[in-house]
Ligand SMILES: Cc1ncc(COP(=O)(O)O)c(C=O)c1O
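Next up: just one chain, as structure tokens, the form predicted on its own.
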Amino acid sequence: MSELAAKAGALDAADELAGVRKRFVLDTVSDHAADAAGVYLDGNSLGALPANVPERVEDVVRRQWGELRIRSWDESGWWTAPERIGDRIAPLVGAAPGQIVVGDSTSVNVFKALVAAVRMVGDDRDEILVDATTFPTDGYIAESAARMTGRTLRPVTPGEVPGALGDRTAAVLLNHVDYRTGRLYDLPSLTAAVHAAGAIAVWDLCHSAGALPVGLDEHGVDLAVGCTYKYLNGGPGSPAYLYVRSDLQDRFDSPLPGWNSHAEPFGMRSDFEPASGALRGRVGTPDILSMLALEAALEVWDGVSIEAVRAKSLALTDFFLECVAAYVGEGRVESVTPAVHAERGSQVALRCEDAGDVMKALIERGVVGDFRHPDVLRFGFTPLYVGFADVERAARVLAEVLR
């Protein structure tokens, strides 16, 4: 046994989250994989399947829908699912109950949040700042929101935000963690800078929720959105969520009002009167099958501390970088993920000349990460089900493929 393999065994033996792994279904080896065990390091794109979800979904389909049918809106709690599940997510992002509603996609929620943010600050502020390195959809949505509200869109990097803020700034849309590199941005200081300029801060938490503490309430974040199919393991296409800070809820003017966000949804009135609280973020009929699968998936967090998750995340990524340095020939890959803990999310991105072919070979060997054009290998470390032996094996197989 190599020294690093022995170290992995010792780290796994001391891991306080090791038992949580049993709450997931993990079988990541393809039929053609050459190795006996698989390693899943793509939870930053799609989380693994929690073991309790299939039975729960079967109950939703067969009993709640099949037998109770329309009665399930009341008797099975379908109608209140968006806010109930939002309250379940709230502790994972540092929010008190009553501020998160679940539904729609991340893109739709970005649009709601950004337009509502502009409406809150008034007409004299005519510029929106957007993270220039953001996931493309956020940029598309920001451009459309700017056109719709008559504002100018100005792309800047997160590091440029403090210097770009001014009395023209209406809202700032930022990513907590960069999806390509795994760089973690300073949410507290950037939020404070946005507020000092009199603007509204909108944060995209897709790559941080469920991987590290966020502290929405603690840091006074105005609005936030995020997906649930990555570190929250809600399943492919599971509904996203929208956070509206409690003291802003009576000013939240959604650009997508719907019957579900009406104060009297069954009144069928022609005039719109917004509901109170986070319910203003709802639009149409909730996607019940996906939403209740997500609710079941969130049970894997029972008894789990987000601080413990963060500690293990940093330990996993540190160990991976150590193994890569030991196993992979010098100069063959380059980490573009910050080494400093305060600037690192829960993934490691390695620049590699033939990254696309390398990732295909890794997947054939049972090590599943992903590739981002043109030359980045991404490895996501989900502390709830990734162990240190997984990390050592992934680095070892990477070295073998590169040789």
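Every value quoted in this text rests on a predicted model; they were computed, and no experiment measured them. Numbers for residues come from their place in the sequence shown, where the first is 1.
There is another form of this protein, the form predicted together with the named molecule, and it is not shown here; the text below is about that form.
No member of the trio F319, D390 and E392 reaches the named molecule in the model of the complex with any non-hydrogen atom inside 4.5 Å. The closest heavy atom approach of S144 to the named molecule in the model of the complex falls outside 4.5 Å. Using a 4.5 Å cutoff between non-hydrogen atoms, S107 counts as a contact of the named molecule in the model of the complex. Shown alone here, S261 lies farther than 4.5 Å from the named molecule in the model of the complex, counting heavy atoms only. Residue contact with the named molecule in the model of the complex: F135 places a heavy atom within 4.5 Å of it. Among W301, W73, Y229, Y185, the residue placing a heavy atom within 4.5 Å of the named molecule in the model of the complex is Y229. C206 is the sole member of C206, A170, V221, V115 with a non-hydrogen atom within 4.5 Å of the named molecule in the model of the complex. The stretch in contact with the named molecule in the model of the complex, judged by heavy atoms within 4.5 Å, is 229 to 237, chosen from 293 to 301, 86 to 94, 229 to 237, 247 to 255. Residues N175, Y179 of 156 to 193 are found to place at least one heavy atom within 4.5 Å of the named molecule in the model of the complex.
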